[in-house]
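Given next, in structure tokens, is a single chain: the form predicted alone.
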Amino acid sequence: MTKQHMPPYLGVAYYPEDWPEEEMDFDIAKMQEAGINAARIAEFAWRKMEPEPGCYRFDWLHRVVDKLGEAGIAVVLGTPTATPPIWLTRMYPDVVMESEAGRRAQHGGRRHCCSNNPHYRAYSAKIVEAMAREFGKDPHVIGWQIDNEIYSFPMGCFCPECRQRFLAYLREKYGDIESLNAAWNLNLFSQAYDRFDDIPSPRDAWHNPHLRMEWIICQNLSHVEFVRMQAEILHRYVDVPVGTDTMPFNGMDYRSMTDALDIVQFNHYNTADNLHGCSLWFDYLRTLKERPFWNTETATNWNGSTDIGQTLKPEGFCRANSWLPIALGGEANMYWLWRTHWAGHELMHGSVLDTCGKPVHVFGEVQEVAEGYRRAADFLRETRVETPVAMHFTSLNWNMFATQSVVHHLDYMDALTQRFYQPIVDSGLRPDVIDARQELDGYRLIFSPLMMTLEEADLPRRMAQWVREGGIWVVGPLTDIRNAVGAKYRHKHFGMLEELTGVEWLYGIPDDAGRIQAQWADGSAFAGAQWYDIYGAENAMATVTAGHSALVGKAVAVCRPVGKGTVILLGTLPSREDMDRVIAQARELAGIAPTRLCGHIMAAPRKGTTRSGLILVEYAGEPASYTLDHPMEDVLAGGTVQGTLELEPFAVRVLEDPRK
């Protein structure tokens, strides 16, 4: 990074290979007019860089990088391995993926090659090393993006190479076939195998759920290995951060994906209806690396391919959407794409310029965001999000719910986001979304909903110690009920919760018809949904009043002191009103002062060595308000603000604490 290229970055995905070179000056001038200071390039340009095997042509790319850099626009270079040229698939037809039905993919898509295929890996390594040698020390290149949106969809590749990798993975994990048979209970239905080679690839939907889960995990590990291979090459030549732009699909273990990388990159296309969904990912991604993450793709307006599946977004949405990743700990927001393609795929995708070069209707909002970034740059660079609150999320639980969801129509990510995460943030709390490996020091309040298994990274012992030392732990339903491979405990319901709390679990009851009714200790109604864990009545926060005589008077929510801390057990998916009450009680126990807000506001407390403050983003397109404890300086508008701030729809406020 040079002094010329400093965060925060407002960027675009730019595809100069798609346009006549004489139009580049026009595009760059328009980028400057928009306030763009970063561009992602080359991620799909393998064929133009290597038209024939071993014949590398980078002169055109040097001209692009030089012109962008001279205009003050930093460059993020993408390795082009998501789109191999036709000569590779002609030489090695087996490089493309094989579907569950046994059909090979065809040339013409993207991410259609098998990450395990040795020919694909070999030629990917060659183009990556050639690029790294050529641009490794270029002063205008501020970072690298490996490949593009790597994930397995829906179950990944079923080629012979993937099958052999899977069997090797199982041998390493389980050691011998009898250990695997025992872990998966394969006496059931006479499913036991005599040798690893007997184990099928799970092409059929009705396969053993442990087999399906392990297949998904193994497929994701293949992508992780593919990314690490490229990272190892790049790190031999480049000093700037290396990442890979990810998408929230199919249970990818993003902690493992980013372990060998320097920076977390993320793409999303959330709308005004579900903008809180991408903020969950921002709250998660910032915990993976010390360096702030990059939001490498989002839309200025809508996303689409040959047609548009969305509608006009409200005025101000682009502003709020562009500020959210910055407010929640990132240092870059980049639009896909700069200028809409003129032929081929994704002709109807939103952009900053239309195909003919005219600015889109939200061009003014883009300029406003760029100016806001400029004004807040020092404050953003010198502060980080800091919070005493966390919420658990792990890829293992994501995959476990994907292969055995426990309750029909219970979607793990939807329930996690809507039933727990959104009420937490709307209460004014800013949670770090953490996986099992995250250190617990510094947190006073942790929510763990839908953590079907806790058996990762010694989490049961660490959580027990954290609670006994004073932590407040809110444990949501369907937590601690499976071991690490998704099997039930044979001699107890929970892995560690009953032992830790002394609370007696009695029953697990499905109810999607609303037959179970419950009430709080003060007699007011308590509304749950879909699943009910029923406990003994001692330490009850809420008890069952109707549904079945064996359940009446028993607890559906329990609050239990443990050492210096407290565990709150929620046996069901609470209504929004009831979750608000749980949050209020938990934050009081944790000694976290209530926040006076009204509406849907993402509040991000920021702190640095010498500066601190708060960023507020109204994310639902509705009027809202936030009451300050003391006067603050308005970084964007100037002046001092105090008392209750009224926020218009999609408003952004960057506030600095004047107290030193």
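Here the structure is a predicted model, which is why all the values come from computation and not from measurement. Residue numbers run from 1 along the displayed sequence.
The same protein has a further form, the form predicted together with another copy of the chain, not shown here; the description that follows concerns it.
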property	result
Answer range among 71 to 79, 312 to 320, 382 to 390, 466 to 474 for contact with another copy of the chain, defined in the predicted complex as heavy atoms within 4.5 Å	312 to 320
Whether N187, W505 and R515 all lie within 4.5 angstroms of another copy of the chain in the predicted complex by heavy atom	yes
Listed residue that, although another copy of the chain is not shown, lies within 4.5 Å of it in the predicted complex (heavy atoms), from A168, A546, A101, A122	A101
A183, A370, A377, M229 - the one with a heavy atom within 4.5 Å of another copy of the chain in the predicted complex	A183
Touches another copy of the chain in the predicted complex: F153 (any heavy atom, 4.5 Å)	no
Contact flag, W87 vs another copy of the chain in the predicted complex, heavy atom cut 4.5 Å	yes
Contact label in the predicted complex: A525 to another copy of the chain, heavy atom within 4.5 Å	no
Non-hydrogen atom contact P20 with another copy of the chain in the predicted complex at 4.5 angstroms	yes
Sequence-ordered residues of 334 to 357 touching another copy of the chain in the predicted complex, heavy atom within 4.5 Å	R339, T340, H341, W342, A343, G344, H345, E346, L347, M348, D354, T355, C356
